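Heads up, the chain shows up twice below as structure tokens, two forms, tagged structure 1 and structure 2.
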Structure 1
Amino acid sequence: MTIVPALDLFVAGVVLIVAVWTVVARDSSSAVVGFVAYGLLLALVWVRLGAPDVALTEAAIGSGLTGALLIGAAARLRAGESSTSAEHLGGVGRTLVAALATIVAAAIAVALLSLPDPAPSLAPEAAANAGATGLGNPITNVLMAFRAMDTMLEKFVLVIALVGVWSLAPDGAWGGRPRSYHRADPEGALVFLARVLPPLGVVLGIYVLWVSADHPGGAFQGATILAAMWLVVLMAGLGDVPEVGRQQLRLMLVAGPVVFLIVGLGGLLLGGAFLSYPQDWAKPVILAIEFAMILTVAATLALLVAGPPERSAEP
């Protein structure tokens, strides 16, 4: 149908407008709102590209959590905007950077368009080997079986990033709690939201994980929704972030990668390869890893948003 490309053109057009706005905007908090809108629109683009799993991820992490992080940072940095506005690059520098960036972008575009037409793809191979894990969703197959190493290393990246964020705490506050969220006004709308939304969010998060075996979804997307819900509760002041030094919290933070390592080494000891699953046990084992993963990733993402500990660990 001729109309469909018009739709894509329009979606792409709006995405570009928002992207230009995010870069050009005068002050940063309106640029951040533009970025949140950009994240929502990107979810549309990913659905048009036939990748609902990635649309979920982009919507959840791209615009949800990253948006919340940037909004918090923009609010706190509003005072510092004057100090750096003086260093704006001169007109000549800007045009030079713009020209070079255009050339690089054009080179990538030309390269993209010159890719071979019967595009080489691993889809047939992924479909042929889907039987090994008994999972219907090809992307979960790739993440948890074919390229399980990338997924395991990625959870290690999350732990290292969290240690990096925690290392920015002042020495006195080590082992304490991240920034104190305000005791919101009890009858206010935020507390109402914090009481109604999280149950819905938890149900949706578990649903997204459970459905990921055969339909678009996944542990990361589910974890992001749980993390967002926990942050809403924290924001409303109904709960408080646990101390950084608490043992149970740390166990929860490494549960995902540790379970992954144990299953991987188990596969090695049972004669198969590292990170291989026993033949008819693949599906339950993968779901077990995913449940350990969803708790770990949700806690890690929420603590990454909460930031380094700033209050000493008073009871």
Structure 2
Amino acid sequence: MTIVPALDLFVAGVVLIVAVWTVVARDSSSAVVGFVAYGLLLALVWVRLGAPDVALTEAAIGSGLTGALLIGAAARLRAGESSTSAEHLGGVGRTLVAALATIVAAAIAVALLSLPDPAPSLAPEAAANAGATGLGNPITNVLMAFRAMDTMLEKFVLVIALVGVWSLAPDGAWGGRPRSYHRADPEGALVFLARVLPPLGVVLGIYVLWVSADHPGGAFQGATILAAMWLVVLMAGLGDVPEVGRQQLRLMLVAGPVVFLIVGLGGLLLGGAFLSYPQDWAKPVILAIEFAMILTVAATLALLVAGPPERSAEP
């Protein structure tokens, strides 16, 4: 066995160990740390499988954003964790959980083993028509052409999720601002990074979006970088979260879904189908959608991490 397969087996083993640790950890903080490490290891696995787009998404969304949300949730729940730490399942409960997990695993195994060989696939048709959009990146081509409806609905789901978070605000803070971050030491490393990183991060985020037409990247990955830069500034105390009732902010939040929907209806009105692109203009239209989406996704992700409004709107 050469060194590369051996390293792949080692990474696979570490992924399984971290996954088990994340599930069995009793402390929420330990479980969250395990989850973040698990996501980063999965990103490495996707790179080894030749799927850099999926690796970027896993690192940015699966590990980065979700990890940040779980860290915030764990911090809020830590106060009540001690009161529930003594509550454990008895022997009957553990047996039922183990039986249920075994049944689910067996059902998944049966489903996988019963798949036809070769499995049905639309890959040949997708590859044959890939040139119609003018996009060189097959992942972006699939997301924006062959499953454009799913991609559009994802943006609506993000906005609805943010509205759900905002709905947790007390009545007096509705339309106000999320909690303020503490002001870091002006001479500290965080403030230094908050001054140096955002200009570079903004350029990198836009670049990741721009090259996604022909190379690995995408609106989600670029938006996550932009959201991270914004959050760094907030954590350093160099800025404040805008009021959630501000009209400009809400227009930014709906820009991506609205542009996507307008393009879809335009294809329908021009005699084609919903979300069908004019062949000569497919690439610029798709890039316009993605530029609108990066604004929506970046603002939504940052506001999801910031949490619900806790301060009343300024008069």
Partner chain sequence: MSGPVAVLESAGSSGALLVLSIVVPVAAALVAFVAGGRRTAWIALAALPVGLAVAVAIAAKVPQTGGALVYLLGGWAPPLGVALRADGLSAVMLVVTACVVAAIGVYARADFRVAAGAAEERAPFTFWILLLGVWGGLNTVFLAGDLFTLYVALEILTFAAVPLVCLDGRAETLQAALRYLLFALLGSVLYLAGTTLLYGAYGTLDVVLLSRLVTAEPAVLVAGSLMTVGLLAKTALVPLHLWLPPAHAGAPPAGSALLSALVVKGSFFIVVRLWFDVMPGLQSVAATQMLSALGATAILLGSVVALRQERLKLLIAYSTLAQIGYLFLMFALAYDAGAASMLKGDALAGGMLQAMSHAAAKAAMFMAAGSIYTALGHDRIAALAGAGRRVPGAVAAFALGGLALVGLPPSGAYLAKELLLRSAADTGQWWWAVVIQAGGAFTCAYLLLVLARVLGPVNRTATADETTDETATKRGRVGWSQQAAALALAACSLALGLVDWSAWLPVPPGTRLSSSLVDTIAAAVWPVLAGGVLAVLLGRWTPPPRGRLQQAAAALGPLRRAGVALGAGFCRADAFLRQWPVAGLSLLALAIVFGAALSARY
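We call the rigid core the largest set of C-alpha positions that still match within 1.5 Å between the two forms. As the structure is a computational prediction, the values presented were derived from the model and not from experiment. Residue positions are counted from 1 along structure 1's sequence.
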Between structure 1 and structure 2, the form predicted in complex with the partner chain: 1
Displacement in Å of the C-alpha of P116 between structure 1 and structure 2, rigid core kept as reference: 3.9
